[in-house]
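The chain below stands alone and is given in structure tokens; this is the form predicted on its own.
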């Protein structure tokens, strides 16, 4: 795909991004575990979430799609033995949460994924589950993973070695079906799981230090309207900030404090970002985000902020190239375990664009402003790298050529349509 510089964008645009990926996964899994029927509105129909949906069907969960809803008929915690391998595609959330969801089930499953997912570490979940009796006859780290459930998981008290919502959620899903447990060390990681489990009747206690206690509970199905995804909205936030004349409004964006780091960080850098019509929807904070062209200043991000915007760091790097002064990102080593080694991917992409960028083991730094020269890059099979390159083309001096852009479909199927809507240009 060839992305052409777009010096003249629309002066105003209302961009409605898809439903939140993290919440869509959880809405499917938790309602499948529950009793009763749930209607999920605005669910993301990206490839990652569709993998979760298909796996649940393989486990005996009746799920139907209508024009407006995804309808899930909960099986009350009684999943069927699947007759085939559970394919997670490119979705780390699917695989890690499924490990926890199925840990207390009297079934044996094989979980696998695409080539990228097979390189991502799963022992950050299986390490804990093995300690409470779940069996892994072969590898407990890299997919494919064979997991044999254990119906007598005892009450546990675990401290996470990484502040990861996927790890925390997997353990909470195992605990709520068994004897309960405590998960420590997840401060600043997203808390969609805790909020949704509470809404479905689980006994969940969140401590100020981030520790979470959960008791064995029977979940009741809950209708859910999924907020629009702040991680997807971030690309168009930065597009507006870096433009010379474009104001972009993004309605119904999820503003969960554990996810809103990109907004606060852009504001720290000097971006004009306002939130209107703020309200609560299905236990989640939601609002309309309005972003204006702005002059940015470089900042330093500390490690406590990173979990609230880990997926937005590629597009933040683009903002940093246009900021006055140095932007330093450290404490983000987990970026190397994403769909690609994102630190390496970010650095290689911007070097190709002619940007002077310094790579660290746990991050990078950029001193700006610097021009984006364009060039030919690999997409690294990473949707967020590809979309960052697309937004970079809006201010590039020359065309940007990207190979293998299909990965965008994992999280943002209509990205290119919205990209054109604000004035972006590309040819296949």
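None of the values given here were measured: they were computed from a predicted structure. Numbering follows the first chain given and starts at 1.
One more form of this protein exists, namely the form predicted in complex with shikimate-3-phosphate; it is left out here, but the text below deals with it.
Can you confirm whether 195, 252 and 279, the three residues that make up this candidate site, all sit within 4.5 Å of shikimate-3-phosphate in the predicted complex, judged by heavy atoms?
No: none of 195, 252 and 279 comes within 4.5 Å of shikimate-3-phosphate in the predicted complex.
Would you classify residue 410 as touching shikimate-3-phosphate in the predicted complex, given a 4.5 Å non-hydrogen atom cut-off?
Residue 410: no contact with shikimate-3-phosphate in the predicted complex.
Can you check whether residue 93 is within 4.5 Å of shikimate-3-phosphate in the predicted complex, heavy atom basis?
So residue 93 counts as contacting shikimate-3-phosphate.
Tell me, yes or no, whether residue 164 is in contact with shikimate-3-phosphate in the predicted complex, where a contact means a heavy atom of each within 4.5 Å.
Heavy-atom contact with shikimate-3-phosphate at 4.5 Å: present for residue 164.
Residue 338 near shikimate-3-phosphate in the predicted complex, any heavy atom under 4.5 Å?
Yes, residue 338 sits close enough to shikimate-3-phosphate in the predicted complex that at least one of its heavy atoms falls within 4.5 Å.
Pick from 400-408, 19-27, 5-13, 413-421: which stretch has non-hydrogen atoms within 4.5 Å of shikimate-3-phosphate in the predicted complex?
After filtering at 4.5 Å, what remains is 19-27.
Just one of 263, 99, 318, 310 has a heavy atom within 4.5 Å of shikimate-3-phosphate in the predicted complex. Which one?
Only one listed residue qualifies here, and that residue is 310.
In the predicted complex, which of the listed residues (187, 220, 124, 330) lies with a heavy atom within 4.5 Å of shikimate-3-phosphate?
Contact with shikimate-3-phosphate in the predicted complex is made by 124 alone.
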